[in-house]
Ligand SMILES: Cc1cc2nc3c(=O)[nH]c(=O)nc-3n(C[C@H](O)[C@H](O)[C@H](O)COP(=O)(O)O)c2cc1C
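A single chain, nothing else alongside it, follows as structure tokens in the form predicted alone.
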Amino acid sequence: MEASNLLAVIRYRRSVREYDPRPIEQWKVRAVLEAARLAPSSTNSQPWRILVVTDPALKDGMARATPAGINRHPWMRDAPAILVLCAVKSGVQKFAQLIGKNYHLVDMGIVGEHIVLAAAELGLGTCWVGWFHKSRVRKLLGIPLAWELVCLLPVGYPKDCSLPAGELLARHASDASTQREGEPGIGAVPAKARLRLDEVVFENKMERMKDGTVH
């Protein structure tokens, strides 16, 4: 297998929850946002709207804004920026929802993944946060009601930079083996266990065994 920078970035990306508060270079912020802008979407609707929050007081409020105050995120305060991903549904997407198709959420998943991979390649950590009180965050940031809050993405340099992104990229781009449980990635965060390929990929028509399993 030839070396692949993209596959290497996918392999060493981790959910980072400990950040160095030092600022992110503006060109890196711009690059991550440009990766988001170029994401594909249903009917090219581009439903994403991204709010970049750097104000310490606002970050503190967001860290506290969890349902019933449970499992707050104090670590988010240290991230130099929190990206707030919102969706503005097109007319087609609103119609699609009537028949149970949430295309806008698929699009938001795509744009979010563009962000986290672009950030990882630049040595930045990220973490998808879905556990937050939407109405409180909306009020705190003055987000219009027409915008659907989808997720929060803290972004910044990992507190543990003992494994620089360049070293991780070089290591994994030249290693064709699969990711191993416990393997350190960005922020020295260990990889979690993953299902085997044969547990998630199937060929052609699904057939159910007598014992109820599928093969």
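In this text, all values refer to a predicted model and were calculated from it rather than measured experimentally. The first residue of the shown sequence is 1; numbering continues from there.
What follows is about the form predicted in complex with the named molecule, which we do not show.
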item: Close approach of G130 to the named molecule in the predicted complex, 4.5 Å, heavy atom; value: yes
item: 4.5 angstroms heavy atom contact with the named molecule in the predicted complex for F95; value: no
item: Interface membership of R194, the named molecule in the predicted complex, 4.5 Å heavy atom rule; value: yes
item: Partner contact for H73 in the predicted complex: the named molecule, 4.5 angstroms, heavy atom; value: yes
item: Per-stretch contact check against the named molecule in the predicted complex, the hit in 31-39, 186-194, 164-172, 54-62 (non-hydrogen atom, 4.5 angstroms); value: 186-194
item: Residues within stretch 9-35 having a non-hydrogen atom within 4.5 Å of the named molecule in the predicted complex; value: R13, R14, S15, R17
